[in-house]
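Next up, structure tokens for two forms of one chain, structure 1 and then structure 2.
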Structure 1
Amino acid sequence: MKSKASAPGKVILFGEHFVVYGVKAILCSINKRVTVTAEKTTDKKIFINSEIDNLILEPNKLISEINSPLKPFYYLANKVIKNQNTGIQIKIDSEIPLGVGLGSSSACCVAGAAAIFKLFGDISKEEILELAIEAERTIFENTSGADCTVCVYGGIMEYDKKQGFKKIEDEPNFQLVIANSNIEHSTESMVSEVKAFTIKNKEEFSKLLEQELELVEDVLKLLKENNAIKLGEKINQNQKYLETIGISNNQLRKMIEIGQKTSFGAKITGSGGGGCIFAITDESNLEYTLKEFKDNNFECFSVEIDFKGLNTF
């Protein structure tokens, strides 16, 4: 018997990094997915097959012994077969570019937890989310949990570390253009860099937290008004805060400059240091924005909001 699940990638519209310190973030899932297929095997091993790596491992290894970006899958498979006389074969197919802030690792953890655990019985979305966050912690211990949450439930949501998530039911009709710097980044090291900033600049950071909090509250009102122009201004404002905490660089600034000129607003999405930026558009400036990124030799594509979230087959 095979079990299959797919989960979407994500864009953080507002509040990355600040969410780690308790401020609300606003995220949406996007129509690019990871699909995971899992199957029991008679050989009591864990087989993981993907475009980036192929592993065949004995069960019960220490997670610290596994040096592969696929270790969340090992963690999940090992946990589920602990008292079972079976092995597991896992196959991963992804449409989400890796390591560029579009939630590929969270989507892997969510689709992985669902496909692997469904082989052994029914499991709720809440339990899948819990397992996915545990698995994500094998690569990034201090995750806020925001990314896995939006991958499970889809749509647009506000997320706060303490209170969890609240879906935003408004369906604003903006479109997002993603531009990829193709600079790989590690969320863990970017979060550590921001931590160092907070220690060195205590007062400035606590002011920024207040400003971000205010900005997110304003945005929640603007989403109801469906006002892409005003949302764009808030996106540009959020980008200034991200510049201040030091997660930008020259390449990202070049991309932001193009996005802010052609669309309603543009900012980094995710942990920064590389990865992607997004620009908010509607039909009036979507094509122009894409063209300007392409003319400047930046990889770019448009995405829509995914309202399905986790899907199991």
Structure 2
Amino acid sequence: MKSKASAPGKVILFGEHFVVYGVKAILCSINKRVTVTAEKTTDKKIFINSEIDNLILEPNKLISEINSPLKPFYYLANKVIKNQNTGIQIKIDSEIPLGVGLGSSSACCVAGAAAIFKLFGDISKEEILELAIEAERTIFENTSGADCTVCVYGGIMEYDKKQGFKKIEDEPNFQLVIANSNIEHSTESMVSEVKAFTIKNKEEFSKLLEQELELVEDVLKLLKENNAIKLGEKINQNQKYLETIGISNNQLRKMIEIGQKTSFGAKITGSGGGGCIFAITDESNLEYTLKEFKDNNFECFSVEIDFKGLNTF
């Protein structure tokens, strides 16, 4: 018997870094997916296969002893077979680039939790989300859970530290072009750099927080109107704030310049310092935007908002 599940990646549209200081972030899931297949085995071991690593391990190892990006899968498998007379084989297939801020790890944890636990009985989306966040904490100790949440439920959501997650019911039909800088970056170090900025520039950062707060409220209205042009203006404005707090660099600026010239607006998504930027488009400028990035030798692709979220089959 096999169990399969797939979960989408994500993009942070607005609010990265500022969310740490109480502003709402707006995220959306994208139609690039991770698919996980799980099946029981007679050999009482945990087998995990993926493009990036392969593991064959006995159950009941300490998670701290496992030095592999696949340890969230081991955590989930070990949890479910503790009281079962079986082993488990897990296969991971991903369309999402790794380590570039597009929610690859969250999608893995969500699809992994769903596929692995459904082998042993029915499980709700709420329980899957809880397990996925637990699993993600094995690699990102301080995860907010926002990425896993949008991967489970799909569509667009707002998130803040006090109120948590709230689904946005609007379904705008803009498309995003995502361009990858191929610069490795550390979320932890970028968060530390922003914290240093806030300490040195208290008054300036306080004003930026107010401006970002206002911007996000405007965006929530524009999403209802499905207004890609005005959303693009807000995206460009948000990028200026991200430049001010110091998470950009020359490569990212070059990409954003291309995006802002060809689309309705472009900005960094995620922690910055590397990773990806996105540009908001519709049918009128999608192909032109893709062509300009490709002509400048940037890896890029287009995505739509994924409104399905977690899928089990």
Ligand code: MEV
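All figures in this text were calculated on a predicted structure; none of them were measured in a lab. Every residue number counts along structure 1's sequence, beginning with 1. Rigid core (definition): largest C-alpha set, two forms, superposition within 1.5 Å.
The form predicted in complex with (R)-mevalonate is structure 1, not structure 2.
A movement of the C-alpha atom of residue 197 reaching 2 angstroms or beyond is seen between structure 1 and structure 2 when the two forms are aligned on their rigid core.
Once the rigid core is used as the reference frame, the Cα position of residue 66 differs between structure 1 and structure 2 by less than 2 Å. Residue 162: CA moves 2 Å or more between structure 1 and structure 2 after rigid-core fitting. CA movement of residue 188 between structure 1 and structure 2 equals 4.1 Å, with the two forms superposed on the rigid core.
With both forms fitted on their core, the C-alpha atom of residue 20 sits 3.5 Å from where it sits in the other form; this compares the forms between structure 1 and structure 2.
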